[in-house]
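Encoded as structure tokens, the following chain is the form predicted on its own, with no partner shown.
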Amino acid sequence: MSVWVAIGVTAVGCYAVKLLGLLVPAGALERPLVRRLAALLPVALLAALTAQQTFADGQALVLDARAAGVGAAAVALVLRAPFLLVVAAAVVVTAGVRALGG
């Protein structure tokens, strides 16, 4: 029963947050600071999620094949490679390091 209560509370909370976003006046969204934050916040959150998923394992810092893959992707991005090539480089390097490391 408690799982369904949690699902219901989460659904109501999500609806309330969505409704709160719709009630914000348009003038508040036109401010330069708000526009800049709205443009940069998704990038910062994605970078934090990538770092956490790559370098963390519970409470420990881990440097393994995933770090090599992210490094390869970073090099490909610096070289201005297309997105699919960036992903392919990360996959190939990660798989190669895992194959070599066992």
Partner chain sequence: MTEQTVVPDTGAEGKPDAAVVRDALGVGIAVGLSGFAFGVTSAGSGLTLAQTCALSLLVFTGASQFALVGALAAGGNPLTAAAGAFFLGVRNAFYGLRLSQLLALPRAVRPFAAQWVIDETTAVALAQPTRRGVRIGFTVTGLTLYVLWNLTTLLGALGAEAIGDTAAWGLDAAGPAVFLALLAPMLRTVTERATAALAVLLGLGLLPVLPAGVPVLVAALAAPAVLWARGRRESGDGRTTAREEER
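Positions refer to the first chain, counted from 1. Given the structure is predicted, the values throughout are model-derived calculations rather than measurements.
The protein also exists as the form predicted together with the partner chain; that form is not presented, and the subsequent description refers to it.
Within 4.5 Å of some heavy atom of the partner chain in the predicted bound form lies at least one heavy atom of residue 3. Using a 4.5 angstroms limit between non-hydrogen atoms, residue 37 touches the partner chain in the predicted bound form. In the predicted bound form, none of the heavy atoms of residue 63 sits within 4.5 Å of a heavy atom of the partner chain.
Using a 4.5 angstroms limit between non-hydrogen atoms, residue 14 touches the partner chain in the predicted bound form.
Contacts between 43-73 and the partner chain, taken as any heavy atom within 4.5 Å in the predicted bound form, involve 43, 44, 45, 46, 47, 48, 49, 50, 51, 52, 53, 54, 55, 56, 58, 59, 60, 61, 66, 70, 73.
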